[in-house]
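Before any questions on binding or motion, here is one chain by itself as structure tokens, the form predicted alone.
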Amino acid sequence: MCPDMPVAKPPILDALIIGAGFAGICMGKRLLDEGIDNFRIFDKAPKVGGTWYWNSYPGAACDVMSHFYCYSFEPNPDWSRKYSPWNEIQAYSERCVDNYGLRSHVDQSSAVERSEFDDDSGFWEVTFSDGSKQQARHVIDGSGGLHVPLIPEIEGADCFAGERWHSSQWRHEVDLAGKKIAVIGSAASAVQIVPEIARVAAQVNLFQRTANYIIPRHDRAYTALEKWCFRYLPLYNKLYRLFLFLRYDWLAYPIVKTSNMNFQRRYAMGQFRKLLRKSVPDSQLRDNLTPDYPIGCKRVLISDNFLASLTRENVSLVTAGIERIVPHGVRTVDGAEHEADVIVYATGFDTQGHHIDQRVVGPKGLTLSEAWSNAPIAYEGCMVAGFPNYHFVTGPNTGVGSTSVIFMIEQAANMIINSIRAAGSNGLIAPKNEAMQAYDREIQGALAHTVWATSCSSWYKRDDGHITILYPYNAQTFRRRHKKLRAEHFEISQRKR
């Protein structure tokens, strides 16, 4: 028998990207543009697409218009609708991977478990769930916030006799025809799921803790003429995209910028009231669907058919709190038991913890969770003081409810590429702590003047009132601030070897 041969370490990468969703794909393309081809993209899913691979539930679609929910460098003339369904978006991401020669750089079904900085070499060592390791000069975290399911702990859940799953883990093999379905949660995913499953289910009970503002989507299919113009008239495509960009910045953003009743807030309130009156004749049901907090404090939802679906004979809105799950359904605090064959958790995601679900350990053993013990904070949402060459594409305080996250991704990519360029082949770059702290004070000060800081509770805001997810300015400001690197805000050193 021959002795075991030592396993050779893979070559050190210039960059290692976590996540093959829109952020990871964009970063891969930008690295190639920069002349850097020694990189790999790792994703725990078997396919690219990120959010749009995981969220394939009935009715899943984007809340941003299709022609602004795509890369500026890769317009798509073939969107079928104003708001495209998940499968078209996932197919678009696959096409981008192929069009930009990224397929050979992608490793699927490779979950990152740990990223640790080696003080001796100055490289990051990334460990995967299979125990394999990879060193890299730069790590780029392109993981999004909509992939770690948040499932509430409800007493009795393990004793439920039927099927149960989270909206992002949809069991497509389960036939819902004729079933009694309990949907727990009434926000963004539920608004899309309920109208679809109500078409086939015997009964749908929607358990609502808090009412939401819902305004019409005005969705429709694009005409053949429109598609022709998108394909053969590039200027038409660019002008339409610019129109959408300005529409979100001028109409949607002012809704959240202040709790005062400006024109945009009055318009949105009018749209909600009109849709509610039109869709729901019953006054008691309308009351149960009317929020008691300022519009924009929680995510404003868009749907053309959700409110109307709640008036179907086989759909019920349940506003009593859930006491426990019983073997054959859900018991509410009023003593009522609601029978169910299937439970769907439409309860959102762990948006606070998705960056540290894989352990990040910086120089001298400092973990990211320790650095963020008070609150997640990153300079311009992209880098953390004390963690050189570790980058976030959609880090703390980069979330938006008034523009396209893909637009934000492209701007963050500018800063990340600029920082990699500034570090050079043997450099370590990180923001100065005072610059990062000053940025956070500015951001928190601006957030205090938004509707998100008002009295209502939301997943945007922590129990202590600190808002770590959202960006308080408009998209134009984000673009301007990420265009160039402010060298005086960074520390650059050289590796020891």
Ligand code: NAP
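From 1 onward, residues are counted along the sequence shown. Keep in mind that this is a model prediction, so the values were computed, not measured.
Another form exists, predicted in complex with the ligand; not displayed. Remarks below refer to it.
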item: The ligand in the model of the complex: contacting segment from 428-436, 462-470, 58-66, 31-39, heavy atom within 4.5 Å; value: 58-66
item: P152, A188 and K298 all contacting the ligand in the model of the complex, non-hydrogen atom within 4.5 Å; value: yes
item: Contact residue in the model of the complex, from R209, R114, R277, R199 (heavy atom within 4.5 Å of the ligand); value: R209
item: Interface residue in the model of the complex among V361, L146, L317, I377, criterion: non-hydrogen atom within 4.5 angstroms of the ligand; value: L146
item: Contact flag, Q192 vs the ligand in the model of the complex, heavy atom cut 4.5 Å; value: yes
item: W372 within 4.5 Å of the ligand in the model of the complex, heavy atoms; value: no
item: In the model of the complex, Y248 touching the ligand (heavy atom, 4.5 Å); value: no
item: Heavy atom of A346 within 4.5 Å of the ligand in the model of the complex; value: yes
item: In the model of the complex, residues of 25-55 near the ligand [heavy atom within 4.5 Å]; value: W52
